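Structure 1 and structure 2, given next as structure tokens, are two forms of the same protein chain, each shown alone.
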Structure 1
Amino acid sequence: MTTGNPHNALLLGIDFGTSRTAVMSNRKFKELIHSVVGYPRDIIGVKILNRTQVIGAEALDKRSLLELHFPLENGVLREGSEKELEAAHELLRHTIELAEPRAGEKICGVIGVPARASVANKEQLLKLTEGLMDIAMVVSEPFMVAYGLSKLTNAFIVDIGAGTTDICAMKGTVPSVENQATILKGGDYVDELLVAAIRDAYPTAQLDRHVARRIKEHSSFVGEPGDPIIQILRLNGRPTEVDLTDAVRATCETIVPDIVEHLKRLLLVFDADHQAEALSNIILAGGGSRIRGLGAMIGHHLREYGDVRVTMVADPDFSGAQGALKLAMELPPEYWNQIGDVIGTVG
């Protein structure tokens, strides 16, 4: 396929995620940003920061000074709050500015959304790009991953993000609604359960979901444990070693049954002659793909269907953005409306 950039435009692939936003450009730029915008709580915060907003990792680091806004929930824009929409606009603007667009050039972006995102939410996200991009398209996140890997037929993509887990059955065409599933359980769901499990085991533990997320991202697993997960938490203010092995395993395993059930259901969309090949091409993507033992556990639960092979993408942080950029570079923007929902023109 020939390259699709006749307009000498800045092409962007963006995975606009609940927890993190990944962006890549046709000028070899890539960046991963925490999807959070912080506003100072009062004049003291403004004085200390010398700014009226902070975006990304710095906002999390300085959260005691800030009101944090996570503009995406379950992988889509939060509804009903002008402040959240303002935060989403600022996050997207910041993401684009990081790619250093040149004066006067067209900006064309492909943005990932959950597989079953509503028409209204897609429209809302596209409206957010007005004034920031000349043309923007939203497409299914697992489809972006599949496109980047050239896994376009007889394959499953299981994209485990912070807000959702998206599953897509790739059959050699742009996937329809019937060939995809969105599960409202992802990394954030596991974080909330982990906080509750730790507090049940250690009632005086001082922690929040940011601390739980760090523990999960460092030590997550399902199935048989390796070494015990020993962490130092403050219990009534005193640093104390605690064993979190059981809590981490139990909470991580909560996402497995839904994934398995949807894989079983979506297996039936393939012709019988192609189901064995699809089962040998189950690909885990997104941050949750790093959970140790997850592929083996999914394969175990599907063993009655035949030989199962579950693999993981090489770069979970950027596999979605990479696929989006590849799509933007290979398909001229004037044809984007054949693939997804589009706003704007480059004419």
Structure 2
Amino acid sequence: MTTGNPHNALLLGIDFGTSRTAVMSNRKFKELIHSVVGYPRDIIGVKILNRTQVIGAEALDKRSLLELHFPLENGVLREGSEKELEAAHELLRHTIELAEPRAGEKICGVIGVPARASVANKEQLLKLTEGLMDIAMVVSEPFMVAYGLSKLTNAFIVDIGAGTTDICAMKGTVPSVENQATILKGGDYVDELLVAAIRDAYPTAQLDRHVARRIKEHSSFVGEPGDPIIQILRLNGRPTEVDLTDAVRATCETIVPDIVEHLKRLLLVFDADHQAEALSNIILAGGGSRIRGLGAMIGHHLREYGDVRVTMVADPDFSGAQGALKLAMELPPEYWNQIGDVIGTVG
């Protein structure tokens, strides 16, 4: 394969996620941005902020002044209104600007999106890059993770994101729809269940899903508990110590059965000769891969299938963007249309 960057372009690897967008460039730029755009609710907001839009973490912080738009939902681009598409476009523009393109240089980007969006919305996603990139390719994110790890054959990628969990059986080619599965249970789903479980145990507790998410990210686990998870919550307004061990465990474990069932089903897409190797290459990615004990529990449920090895990527925040950048750097843009869906040309 020819490698290099024949056009001296700015090459970008972007992982466009439901909750966060990661970007890396061939000039070693690396950033993680919350996938949210906020527009001031009224003229007072415009006056206080002195801007007509706010992107990323700042938008979440100032959400009382803003109407928030999260461009992806349940693993697909929201296409309901012009505003949603504008928010997605602005988010991409911001992401690219952060990477500091130089005047006049070509911008070539590989964009990893949830597997479902790469099927449902790819044309719309490519259109969003018009005017922002000279050439853009949209590919499914689990494939990007596999590419980054050079695990392109006889492996499973299980990408546990905020909106969805994507499972992909890698068979040495760009995965077809039959070799992928999308489960609409990711971190957001766990957060919602955790809010309900805590309210169930402590009916007077005041919390929303942002608080639940913080608790989860701090203490998520499945299987045997370690130290009890003690948090201070306001019960009827009064700060009180509560034990959330059972609630965290039960809600985190809700994602396991679907993952196991889809792994069993997708195992059959490999020839019998390759199944043992695939089972020794189950790789967890995405923020949810940080749930303690998850790999061991998945392995346990698959114990009748022989030796199973479940590992997690070293850097769940950037493994998709890193794979996208690697592809952008290894494959000259004129060949991109052999891998994914492409818009634009270079040269």
Ligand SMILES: Nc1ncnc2c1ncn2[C@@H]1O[C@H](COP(=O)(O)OP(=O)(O)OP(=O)(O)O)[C@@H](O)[C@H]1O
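If you superpose the two forms and keep the largest set of C-alpha atoms that fall within 1.5 Å, you have the rigid core. Just so it is clear, the model here is predicted, and its values are computed rather than measured. Throughout, residue numbering runs from 1 along the sequence of structure 1.
Give me a 1 or a 2 for the form predicted together with the named molecule.
-> The form predicted together with the named molecule is shown as structure 2.
Core-aligned, is the CA shift for Glu304 between the two structures 2 angstroms or more?
-> Not so; Glu304 is displaced by less than 2 Å.
Does superposing the core leave Gly295 with a CA shift of 2 Å or more between the two structures?
-> Where the cores coincide, Gly295 shows only a C-alpha shift between the two structures that is less than 2 Å.
Has the Cα of Leu49 moved 2 Å or more between the two structures, judged after a core fit?
-> The answer is yes; the displacement is at least 2 Å.
If the rigid core is lined up, how many Å does the C-alpha atom of Pro40 shift between the two structures?
-> Once the two forms are fitted on their core, the shift reads 2.5 Å.
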